[in-house]
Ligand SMILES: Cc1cc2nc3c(=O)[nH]c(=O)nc-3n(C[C@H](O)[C@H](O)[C@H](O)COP(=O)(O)OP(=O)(O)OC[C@H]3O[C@@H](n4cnc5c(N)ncnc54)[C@H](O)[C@@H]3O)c2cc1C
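One chain comes next, on its own, written as structure tokens: the form predicted on its own.
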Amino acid sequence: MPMNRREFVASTAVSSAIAGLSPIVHASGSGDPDVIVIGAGLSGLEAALTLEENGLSVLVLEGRNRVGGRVYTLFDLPGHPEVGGNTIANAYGRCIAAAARHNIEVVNLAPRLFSNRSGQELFIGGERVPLKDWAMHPKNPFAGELRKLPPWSWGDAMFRQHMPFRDLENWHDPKYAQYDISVHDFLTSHGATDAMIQLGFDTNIAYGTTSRDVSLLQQAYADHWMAVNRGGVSAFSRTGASNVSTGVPAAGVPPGVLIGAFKGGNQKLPIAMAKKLKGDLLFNRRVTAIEVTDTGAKVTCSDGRSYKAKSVVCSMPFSTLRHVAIDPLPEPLQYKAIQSLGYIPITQYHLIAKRPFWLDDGLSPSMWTDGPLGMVLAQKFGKTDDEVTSLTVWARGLNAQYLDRLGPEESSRLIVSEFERLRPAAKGLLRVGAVHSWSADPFSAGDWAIFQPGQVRELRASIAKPHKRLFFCGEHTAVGSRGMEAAFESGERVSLEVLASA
């Protein structure tokens, strides 16, 4: 019989204090576990803990040598910048509750982030364009009143003006299947030229690789999620700095807005969750095969070791699951989803400045460019709201793919050289502290999942269906939330499915 969250048995385990960042492996018990959970990200850990709280024995297999999945904190860099999940907001109720359960403090970064983004500089074609001059600038491709908007706000304005349906919460409802078209086709149908779309959507893209491989329903999903977070849009949207409705720099933080992070680094949360596991958590276990029947399952890893259980919960993104042999194959539509669901390419460069060169040239350290630098965001994780601890270069879409082809060393040289070209005051003052490509990461092969045109209509309903004793979770299976909250949503759902089938 299905159970709801309130009926879960509360765990009586006492959380151990976070002490260091060493991987945790619990002593092995005897016999096969009830459930094998593949992946020690937020969704896998949430599922594992919930199942343990309800009396099942669990084994967690993680391909990396760390927990967190796409929640990844650079603890060795100033300010502990985030490579993966960056912020939470008002609607991240499961995340906030999990932090409270695991004694992780939530810090509201809204004052720092709004201050950061309000000073973002615009560079087009290698030229700095003051925002006051943009409306009449010859490189501005937009039309009418939208010429007043900076490039990062144009797409959002088009979607607000022309979205053909307003029931965004039910973006996946079959009655909206006619809108499962490309963002490119939608924008062109409302008079947008290729030049407008290229600058206003494809440049520093938030969803997909180009507007041609993103469904309008995916955009509706993202728009809904930003709306329910009550104004904390610029923390996790494509828009960057300014008020998205006007393009005017934000003067302050709207009342009640939470743009939060977990104190000391977001990866602290999955680390704390892992410490509460009763069963084994095994690292460096890259899964290569999953065999399932109506009564049990077997998981095989790249080192040849196999593990058996009554059920398997898989939190792997489809971008990596598609390289795992599943026997027997899932139903055709689910298998097609595994093989074809899109993921956005994102590559980050974390730069450390020897001194604050932005004080020399009088410009904001944050930038929005149409070149290799993509977006540069000043990370303000110091002792004061104004202290910049590092700079994060966000390369997305085609830009990320281009830089990935160069490799980490050559692309890092290009990033520093381009930065110095645009900002001569930075010459000789920057070093690359870390580079991470989510596309090149073998355990993610991309960042967040993207529905391509036609995929919502054809595939969405099949994505998370249990396949015999194989169950699915992960942000790609969520329907009501995104990011870290989506991971918790899916972990909660899959736990109910496993418990109902036991």
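Note that residue numbering begins at 1 and tracks the sequence as displayed. Worth saying up front: this structure is predicted, and the values here are computed from it rather than measured.
Omitted here: the form predicted in complex with the named molecule. The next part is about that form.
A.B. asks: Can you pick the one in W134, W394, F123, Y179 that has a heavy atom within 4.5 Å of the named molecule in the predicted bound form?
C.D. replies: Checking each option against the named molecule in the predicted bound form, the one that comes within 4.5 Å is W394.
A.B. asks: Please tell me which of L430, V83, L281, I205 lies within 4.5 Å of the named molecule in the predicted bound form, judged by heavy atoms.
C.D. replies: By the 4.5 Å criterion, the partner-contacting residue is V83.
A.B. asks: Answer for H224 alone: is it within 4.5 Å of the named molecule in the predicted bound form, judged on heavy atom distances?
C.D. replies: Answer no; every heavy atom of H224 is more than 4.5 Å from the named molecule in the predicted bound form.
A.B. asks: Is there a heavy atom of G155 lying 4.5 Å or less from a heavy atom of the named molecule in the predicted bound form?
C.D. replies: G155 lies outside the contact set for the named molecule.
A.B. asks: Give a yes or no for A337: in the predicted bound form, does one of its heavy atoms lie within 4.5 Å of a heavy atom belonging to the named molecule?
C.D. replies: No.
A.B. asks: If you check in the predicted bound form, is E52 within 4.5 Å of the named molecule, heavy atoms only?
C.D. replies: E52: no, not in contact with the named molecule in the predicted bound form.
A.B. asks: Would all three of G119, W358 and G374 be in contact with the named molecule in the predicted bound form, where contact means some heavy atom lies within 4.5 Å?
C.D. replies: Verified in the predicted bound form; spot residues all out of contact, no.
A.B. asks: Go through 420-428, 405-413, 309-317, 382-390 and give me the stretch that gets within 4.5 Å of the named molecule in the predicted bound form, heavy atoms only.
C.D. replies: Result of the contact check: 309-317.
A.B. asks: Could you list which residues of 86-100 come within 4.5 Å of the named molecule in the predicted bound form, counting heavy atoms only?
C.D. replies: Contacting residues: N86, T87, Y92.
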